[in-house]
Structure formats: structure tokens, C-alpha cells
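Just the one chain here, laid out as C-alpha cells, in the form predicted alone.
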């Protein structure tokens, strides 16, 4: 098999290194141009998300590990020391890794649903640059299938397994659909951003962001398509919001009962407040106000623990499913190795058939020509089908490539000697692994 993978993720590298290793939309085209200039790379796909940057290659010959690291470094802003922490995988190990990624088994949050969309996007981006070959197109297509099956046939993605995602689950319970819900985000740190991503996926109606450092609030506002407001948030901001999500590092409560009472005088709609901070951002007394629901981290812990235990159990089922799909891909790959020989076989036999039909045309009446053509096609089709079936069967065995090589040499004709040499070269590449 000729598949390689190299990359960094949350297992191998801290977030600062992952940020440096990211290959964003502005750099993806140049990265593919660099890869496709290599004489040893037949196909390439880059998977770059917030938690991982991984490169999948289909080389003519496997690269040495040091060369693979050099290639990866040339696409990123990583130092030699940082690239040294990257994982390298080959062949079925690389296939298994990608399938596990797509299935959510390798995510920081077990069963993450966003990753399958990111795998699809990576394939689409690569195809736009004509970067993947047949093997990588098949590999990523099968990985997407693995991701879909893991979610449809198991419950690995069911239930919130982080405080941020649990908060969104709680909001859905209170409001139902969130497409008319306006959100005030208090804080612009990692927890707030994660909660915002979940809420954005749910399609909330609008955003206001309040943060001690206004520039950080503006960054998040730009990402969400919202508006950065003053710190601390005003009674007007609270009156505007249906849902308040607060996650700051403040020592004292940011949202007071007095402030909320002022907000209620301006607008009396039902409000949900989610306090994701430790220590608390929201004064407990707010929960006593009419039509106001307040939930804290403690309220989510039991829900998160139960859901996580359930996902870990489902992960065992998903792993078995992924292992089966890895074997299916490996079987396809072994059969596909003899595809050039099959193509040559079909081409040579069809040309021989046409030559013999033309040579014998004068021996038959014009009214019989159609029957002669049908007979010759049927005969060649049966011979070809038998040879292909046995060739594919032998391809699954250790000496299958030798059989394909012998057949290729047996089919060499003067008109197709160059084609045969190309087929033999491909088979020799496979035999070298």
C-alpha cells in the first residue's frame, strides 16, 4: 500500500503549536502547489481544523520519515523541534487513523459531529486543486462513510459531553428552536467561544459580546456576525437578550440582581442565564426573579458525566465498525493494484478482436457480419471476465502482483509496448512495498 500520513493534533502538541501548524484558506492553494511539484507525490489531501493539521499523501515510493517531516515543515510555520512531535503513519495505520478521525473517535470531544464536515471540506478543497489521485479520493470517500455509519448506527454523538455543549442542550430544552433567540455572550475566552460555536450551529438570531478587553470582544463579534458592547454589559444589553452566557475569570459577579431588575423594567420576556464560570459570574439571587432561569456549572456536571459514559460505551461499537471499513478499503486497494493490468488486458483483447473480425470479413456474407461481431464480443467478454475475476482474486494474495506482472508481459504488443512498460512500472512500485 502507498499511503502516508503526518500531522499534529491535541494528542501530540499544545494549542500554541497547533495554531502555528494550521494551514488556513489563504495558504491552502500554495500548499497544494508545493506538494504537487514533487516528483514522488501522486496525490495529496490536507486536513486542517482548529485541533489538527494532517497531511495525507499517495507517494510513488514511501518517503523516509525525515523527508516526510521536511515536507510537513515546508507547508507550516513549525520549527524543526515542533515538527519532530508530529505523528507519522503508513498504509493501513494511516487509513485506520483517518477513519477514526471521521468517526469522532480521535476527537478531543469524543463523538464530535463537526469533524465529518471538515473531512468533506478537505476532500472538496483538494479536488478543486486536482490534488488527490484515485487512491486518496477513495480513502476520503470511505472515511466519510465511516463517519456517517458511526453516527447513524451508534449513539457516539448523542448527548452533551462538555459544559459548553451541555449549556446549548439546556437552552434548547427551554426555548425549543433557537432561531429567534438573541444571545449576550459575556467573556471572550475559550469556554465562551466554544459555547458560541455550538449556539451558532443551532442558528441563533443575533449576538452581543461583552468582554473586559474590547478588542477581544470585537474579534469574537466579527466571527459571529454580532456586535461588541461595553464592559460590563449594561441593563439595555440584558434587556435585549433572551439568552445570556457568561464565562469570565472575574473574582466577583459580573451580573448582579440589581442590574437584572433594571433590565426587566425595560423588557419582561423570559430569560435564560447560563453561568459557565468558576467562581460564579452571576449572582444567585437572579434566579428568584420571575421568568428567569439560571443554571451554573454544577447543574451540568451530572448530565455531562452520564453522557460521556454513554459515549465511551458506544465508542467500542463504533471502533468495530471502523475496523471493518478499514479492511474493506484494504481489500479494495489490493484489488485496485492490478487495475492497470486489467485495463491493458481489455484494451489488447478488444483490439485483437477488431483486427480478426476485419481480417475475416470477406469470408462471411454481409448479412452475417452483425452475428460475427456479436459472437466475437461475447467470446472476448467471457475470456476477459474470467481473467479479471481470477486476477482480482490473486491480488488479495501475497504473490498476486507477480501474477499481474506475468500477465502484463504476456500481453505486450508492438503497438502498446510503452503502455505495458508503464503498467509494469506501477506494479514494480507496489511490489517494492
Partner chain sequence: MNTLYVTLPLILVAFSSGLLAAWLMLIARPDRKIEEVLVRIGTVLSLIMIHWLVVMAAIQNQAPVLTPGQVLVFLGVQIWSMHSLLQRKVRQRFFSIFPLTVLTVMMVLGTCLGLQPGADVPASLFGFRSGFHITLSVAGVALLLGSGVFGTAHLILHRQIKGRSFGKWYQNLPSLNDLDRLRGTTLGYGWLLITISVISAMSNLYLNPERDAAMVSHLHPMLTLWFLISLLAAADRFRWLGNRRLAGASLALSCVMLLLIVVSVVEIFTGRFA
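Keep in mind that what you see is a predicted model, and the values were worked out from it rather than measured. Positions refer to the first chain, counted from 1. Throughout, rigid core stands for the largest set of C-alpha atoms superposing within 1.5 Å between the two forms.
Another form exists, predicted in complex with the partner chain; not displayed. Remarks below refer to it.
Shown without its partner, this chain lists 231, 87, 332, 293 as candidates; in the predicted bound form, only 293 has a non-hydrogen atom within 4.5 angstroms of the partner chain. Note on contacts: among 155, 262, 201, 216, the single residue with a heavy atom within 4.5 Å of the partner chain in the predicted bound form is 155. The candidate site formed by 3, 74 and 80 is entirely out of contact with the partner chain in the predicted bound form, as no residue has a non-hydrogen atom within 4.5 angstroms of it. Contact annotation for residue 120: none of its heavy atoms lies within 4.5 Å of the partner chain in the predicted bound form. Mapping the unseen interface onto this chain, residue 279 falls outside it, with no heavy atom inside 4.5 Å of the partner chain in the predicted bound form.
Among residues of the shown chain, residue 176 is one whose heavy atoms approach the partner chain to within 4.5 Å in the predicted bound form.
Among residues of the shown chain, residue 307 is one whose heavy atoms approach the partner chain to within 4.5 Å in the predicted bound form. This chain is displayed without the partner chain, yet in the predicted bound form the stretch 146-154 from 146-154, 253-261, 322-330, 202-210 comes within 4.5 Å of it by heavy atoms.
For residue 121, a C-alpha deviation below 2 angstroms is recorded between the shown form and the other one after rigid-core alignment. Remark: with the core as the superposition reference, the CA shift of residue 176 between the shown form and the other one reaches 2 Å or more. The rigid-core alignment places the CA of residue 274 2 Å or more apart between the shown form and the other one.
In comparison with the shown form, the Cα-Cα distance of residue 293 and residue 310 decreases by at least 3 angstroms in the predicted bound form.
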